[in-house]
Every structure is written in structure tokens, then in C-alpha cells.
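Given as C-alpha cells, the chain that follows is alone and in the form predicted on its own.
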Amino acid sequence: MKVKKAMKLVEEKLPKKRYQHSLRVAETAKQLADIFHGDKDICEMAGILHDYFKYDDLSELYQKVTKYKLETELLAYSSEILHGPVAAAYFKNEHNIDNQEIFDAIYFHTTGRRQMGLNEKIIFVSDYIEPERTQPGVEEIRDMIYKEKDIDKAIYEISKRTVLYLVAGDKTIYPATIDCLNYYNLQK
């Protein structure tokens, strides 16, 4: 799939604000690919497509989990978790995007996981730090990336903040997120 087609698909599906977020993630990912020597094309494509199913109805996402034979454990989670795996499977099955790095970057962009590939790491971080993000502590994460040039430390901090946020909200934590936190804690 060409970038222009990906942008058109996303623009037609997502609200304008989320579409613009996707473009900012793609741009941030290209910048990080330059810094960390990732693949700019893979990062741009994954950045554009990562939130494609962000606003789909939960029952539709459940149907797609079944249709694409994704792990049934996903059925216990909300769209916050589901939209990544469903989008990865959709683009692989319906648009023949068979690049495993794009698949993994989209699949795990919200949860992270242990031993992420470089481009996967870039999308995970880019989604968190794109220029319009204003959550508490985002500037510290940006410093880890742009000043310290330490992507693994940034992944650990993002994972830690995510887990703390979920625990504070009494929410279930997806196992890959815990694995990500533990793995990158050992890397720092």
C-alpha cells in the first residue's frame, strides 16, 4: 500500500482530530527513525494506520478478533487494547500489508511488549510523545528521546506510567504491558 492510499483510508474513517493525530505520529516516527536508525517507510506507514479502528464499536471489534483468529484473550479487553491488534490483522488480511514490522508496530502500539523491534519501539514512543500530546510527564519522555537518546528508558517510563494509571483506575492490565514494563526495567 502506498502512503497516499493509507492516508486516504484513515482520513475517510477517523474523525479529523484523530486523523491529524495519526499524521503527527507518522511524522514523529520518521524523526525518530532518523535518530535511532529505524526504517522511515515502515514507521510512517505504521504511524498512519495505527489508530484505524480506534472508534469502532466494541462488538464489531470482537467480531474482527474472531474473524482474523486473533488470540481469544483479547475478548476480555476494551477497544483501548483491541484497536491495535484488529487494525494490524485487518491491514494484513484485507490490504495485503504483510510486513511483520508494520504488523507488530500497529498491534502493540498501545500495550508494548517485551523485546520490541526498533520500528515497533519507535511507533510505541511516537504515539505517546507526538507534538500535541500534553499528558503529565510527556516532556520528561521527550527529553529521554531527544536529549538522552535512550529509547529503552523511554519505553520503560511510558510502560510504568501506563501501569500506574491503570492501577489507579482499577482497570485490568493487558499481560504484554506488564511484560514490557518488566523487560525494559531490566534494560535501563
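Note that the structure is predicted; figures quoted are calculated from it, not measured. A residue's number is simply how far along the shown sequence it sits, counting from 1.
Beyond the structure shown, there is the form predicted together with a small molecule, which is absent from this document and is the topic of what follows.
A.B. asks: Is H21 one of the residues lying within 4.5 Å of the small molecule in the predicted complex, judged by heavy atom distances?
C.D. replies: Judged by the heavy-atom cut-off of 4.5 Å, H21 is in contact with the small molecule in the predicted complex.
A.B. asks: Are any of the heavy atoms in I173 no more than 4.5 Å from a heavy atom of the small molecule in the predicted complex?
C.D. replies: It does: once the small molecule is placed as it appears in the predicted complex, I173 has a heavy atom within 4.5 Å of it.
A.B. asks: Would N99 count as a contact of the small molecule in the predicted complex, using a 4.5 angstroms cut-off between non-hydrogen atoms?
C.D. replies: No, N99 is distant from the partner.
A.B. asks: Would E120 show up as a contact with the small molecule in the predicted complex if we use heavy atoms at 4.5 Å?
C.D. replies: Although the small molecule is absent here, E120 would stay clear of it in the predicted complex, with no heavy atoms inside 4.5 Å.
A.B. asks: Check for me whether the small molecule, as it appears in the predicted complex, comes within 4.5 angstroms of all of Q135, K149 and Y156 - heavy atoms only.
C.D. replies: Result no, not one residue of the spot touches the small molecule.
A.B. asks: Quick check for you: of 59-67, 135-143, 41-49, 157-165, which stretch puts a non-hydrogen atom within 4.5 Å of the small molecule in the predicted complex?
C.D. replies: Looking at the partner contacts, the answer comes out as 157-165.
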